[in-house]
Structure formats: C-alpha cells, structure tokens
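Given as structure tokens, the chain that follows is alone and in the form predicted on its own.
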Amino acid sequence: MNLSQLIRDLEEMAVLLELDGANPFKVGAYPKASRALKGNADEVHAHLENGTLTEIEGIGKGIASKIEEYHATGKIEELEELRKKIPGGLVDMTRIPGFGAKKAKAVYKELGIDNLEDLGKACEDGTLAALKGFGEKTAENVVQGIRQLASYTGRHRLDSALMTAIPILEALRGQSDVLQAELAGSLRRRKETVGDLDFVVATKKPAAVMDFFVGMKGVTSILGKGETKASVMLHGATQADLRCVTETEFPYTLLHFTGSKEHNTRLRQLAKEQGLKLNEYGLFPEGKEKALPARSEADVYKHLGLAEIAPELREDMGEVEAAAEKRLPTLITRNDFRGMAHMHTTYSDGKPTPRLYAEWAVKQGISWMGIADHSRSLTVANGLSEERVLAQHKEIDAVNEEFAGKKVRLLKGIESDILQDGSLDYPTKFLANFEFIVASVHTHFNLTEKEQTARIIKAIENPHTTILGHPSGRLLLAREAYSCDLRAIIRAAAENGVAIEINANPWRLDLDWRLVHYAIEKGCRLSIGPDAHAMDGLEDIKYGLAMARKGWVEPDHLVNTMSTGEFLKFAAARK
C-alpha cells in the first residue's frame, strides 16, 4: 500500500468535503487521521492485518473503513465521487494563503470561477474586489498567492518526498535483479523542497528492473522508457526517474546524479587539472577508455585526492576545498543529542502532557526536554496566562521529582510572542520564572524590512531571550518569509549570546540551511527545535538535523549537545 498517497488522499478528502458543505466534524476527522498515519507509519500495516486501525489515536471506524478500502482496491470510492462532483480548480484555490473553502465556494457560486487563471483575471479587472466580503486587499493577496503557487508547482516538501521515495527504494532493493539501489538528486542531498525523485540501480538486467519500475502501483503514466532510463508520473504529480547501470559504473552514476550541478562542475574541473576525465560512467585517465576502479563514492573522491564529502554538503559552498585540505566538518548526528527545546503541551495547543515528554526522553536517552508553550498574547493557540504558567510549573516540578532517578529533567520555558514593538509577552519581573525563553514572531508579518529587523533585534537584546524561534516565519510551499535582514539578526544573536533555532517542523525548516552556514561563521549558537505539538512531532528532529548538516553544523555548534547543567548555565548567562 502506498501510504504517502493514502495520506494525500485523506487530506484531499477534507478539502473536497468542506467544499461540498459536509459536517465540520466529518471534515476535521480527515486531517486528524492523516496526521495519525504520519505519526504511526511503521505500525499501519500491522494494524491493517490485525484489523486494529481504530487503536491508532485519531482514526475512527469510518476512516478505518476508508483505509481498508484503499488497501484492498487502491482507491476510495467516496473520494472518486467527490472529484467528479467538485471542480478541481476549487481545490487549487484553497491552497492560496488565507483563501479557504468558504471563499472558493463564494467565487464559484457568485462568479462561476472554478480555476486559478480566471480567478487571477477577476483580481485584475476588479470583479473579485467588488464581490461582497472580499475587497481590494483580498484581491491583492490573492494575486500574490497565485504567483507563489506558480513558483511552487512541481515542488514537494522534504518529508512528503521522502514518504513517497522510501517505499519505492525499498521495493527496488527487494527485486532479485537489483544489486544496489540508492536515492539520488536533491532528495539525497536533503534539500528542503525537491522536484523529481531520482533512483540509481546497479543491475545486470536493466530491462527487467525498468519493467518493474514502470509497473509499480501508484504510477499514473509512463513518461519515457529506454534501455537504461525510465521516467514515470506518480500520484500527487510527482515525477520519478530511474537509471540502471552496471556495478562498475554505479559509484560514478550515483555521484553524478546526486549532484549538485555546481558540485559536479568543481569535481570535473579538479579531474581535468589532474589529467583525468570525470563523467557519470567513470573517471578516465587521459587517452584511456577504462575507468579507474571504484567500489564506492569514497573511492571516486580518493582518486581525486579528496576526503569523502557527505551528500548534504555537495552544494559548492567550499566543500571541495575543505575535502582537499582535510578540514571537512564532523557533522552532527542524532547520537550527539542530549536535549532539545521547543515543544508544546495540553496547556496551549499541544496534545501531549509534560509527563509524556519525560517518558519519551527516557526511551531516547535524552537528558532534558524544554517545554515551551505559547505565551498569553497568542490566544488563537490558547496562550498561557500568568496563572496557568505557574500551574504548569507545579506539574513540571512533580514530573521532575518522579523522573529524577532516571536522569531526565523537564525545563520550564515559554515560546514568547515577540510583540510588535519587540517586547516579550510578560512583565519583566514575571519573565524571571522561566528557565529559558524561545522568542518568536507570530503576528504583524507585514512590517517593513527595517521595522521587522529592529523588532526582532530588540527581542534578541532582551536579557531573558535564550533562543530566537523560526526566525524567518516561512512555511515551505505555502507562505513566504516576512521581510527582514536575517544576516543582521544573526550578527545580533551572536553578539548577545542568543541561540537561533533550526525549526525542525518540515513546513518550516527555518533557519534556512544557507544561513546556518553564515551563523556558524559568526559564532552563533544554534538549537534544533522540534516545535512538537504531538508526540510524533518529536521525530521531525531528523529534518532539522538534515538542515543542520547541510549548514556544516558540528556538535559544539548546538545547544542540543549540552548537558542539562550546561544549557541552564547558557540560558542564565544573559539574565
């Protein structure tokens, strides 16, 4: 069963049901179920076999039957009927930020518009602005949103791409004719968003492997099929490309198609300087037709006089020079983690209790977990009043007493809103109650670059701020970053001893990895924060880890590698 496609189908069901005017409780059940499937991906097949899907929190009997139907037939009949009934363009409209199903239904009913192109024209000629409940500002936002969607076309978030690609990779590796198989392209380099999915296979029977590839469940069309290459379109408008080569060629082909293009260009230049020719089939001495032998990519780099370069670093940002001089970074791994900050509980908009986080920490061998619920101003997220903060602290004290023998400690933090004037969200005297503070922007995104930068730097200069949360405010493929000078903000954080978050939520992955590299250069500490609102959100750490590695992060650059005492000392140093 293609779990990633099932999740997308359930998410589409929610949108179509809302457009169809279904009961809000029924509509809301589908996103909840899709999140439950993401968080329990390893257990779904076992529950299907045992008929126990409803044991997964968030999946009721009705949706369980839909999942079973998909497992048996590859489709959900109700979804097929809704697709026939509701114009697909209305679903596209709901992807415009701030333009939900209610607005999409209104323009369809009143103006007969059922696609983005006509919606854009209605914005340009004033028709949309004249519609009751819309106005000129809405029309301006819609135009901007349509432009954003156009730039996102064909792109997929890292988590979605991996969810689609990993089952395909495992299926390829399970074929008897496949000797080796790997992901390639920007997905292997762990870019925050990716286009096509690339697979490289070593085999003696390429025709058989390609027949399997183009015949996989989930393939909607075959775009091309030759002797060594095949391209298909998958559900969800994702293109997947397969290249079949010999075992001798495999390391070279994998290196070439992993990229980036800029990295490959540097390697070819280096090879040329050494009297060699490098391409996707081998590394050839001048005038020779036989390539230098290589069992792995490490051998290829060694032939060029380089240390092996991790796929995440292959972006032509100095990695080739560093490999030649044997000064590549010792990249952070999950095993280096001793703690993490930024997770939400039932006190604001999270699902777990503090105790659940402590239990998870014991299982993972983590020493500290920094609770950071939303502060009082963010009422939409059930932000904590001063009284509720103190009540939470009592509960955290009780949990810490219970887990003291297991060497796990919950830390008392808050994700404080950065107010419009740059202040934090409680009186100065009350801020002293927290052991650490994540300061984040959640409102007033439309300030000028100068105003937004000054606002954030003022928050950084507050002696109670420990970490700057999701510093650009972006939502990948959904919302652009607000306007601010992030380099100036990074410099201010470094000067003031404030860590900057690499928010691990796959919608954010913020700070951008390109600026992570800059932050390290400026001596700024970093914090990989899960921003978890459910227990499965803690596993998003792997995406933050990927961004950190792309940014050349070593263990000493992170607060996550500090002991409990070291982190508390770091947080208290500014007060």
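Owing to the predicted nature of the structure, the values given are computational and were not obtained by experimental measurement. All residue numbers are counted from 1 along the displayed sequence.
Heads up, the form predicted together with 2'-deoxyguanosine-5'-triphosphate (DGT) isn't pictured, but that's what we're talking about next.
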Work out which of the listed stretches, 443 to 451, 326 to 334, 181 to 189, 219 to 227, brings a heavy atom within 4.5 angstroms of 2'-deoxyguanosine-5'-triphosphate (DGT) in the predicted complex.
181 to 189
Here the chain is shown alone; which of 282, 195, 89, 473 has a heavy atom within 4.5 Å of 2'-deoxyguanosine-5'-triphosphate (DGT) in the predicted complex?
195
2'-deoxyguanosine-5'-triphosphate (DGT) isn't shown here, but in the predicted complex which of 259, 206, 120, 422 has a heavy atom within 4.5 Å of it?
259
Do residue 71 and 2'-deoxyguanosine-5'-triphosphate (DGT) come within 4.5 Å of each other in the predicted complex, heavy atoms counted?
no
Does any part of residue 277 reach within 4.5 Å of 2'-deoxyguanosine-5'-triphosphate (DGT) in the predicted complex? Heavy atoms only, please.
no
Using the partner position in the predicted complex, report whether residue 155 sits within 4.5 Å of 2'-deoxyguanosine-5'-triphosphate (DGT), counting heavy atoms only.
yes
Does residue 268 reach 2'-deoxyguanosine-5'-triphosphate (DGT) in the predicted complex, with heavy atoms at most 4.5 Å apart?
yes
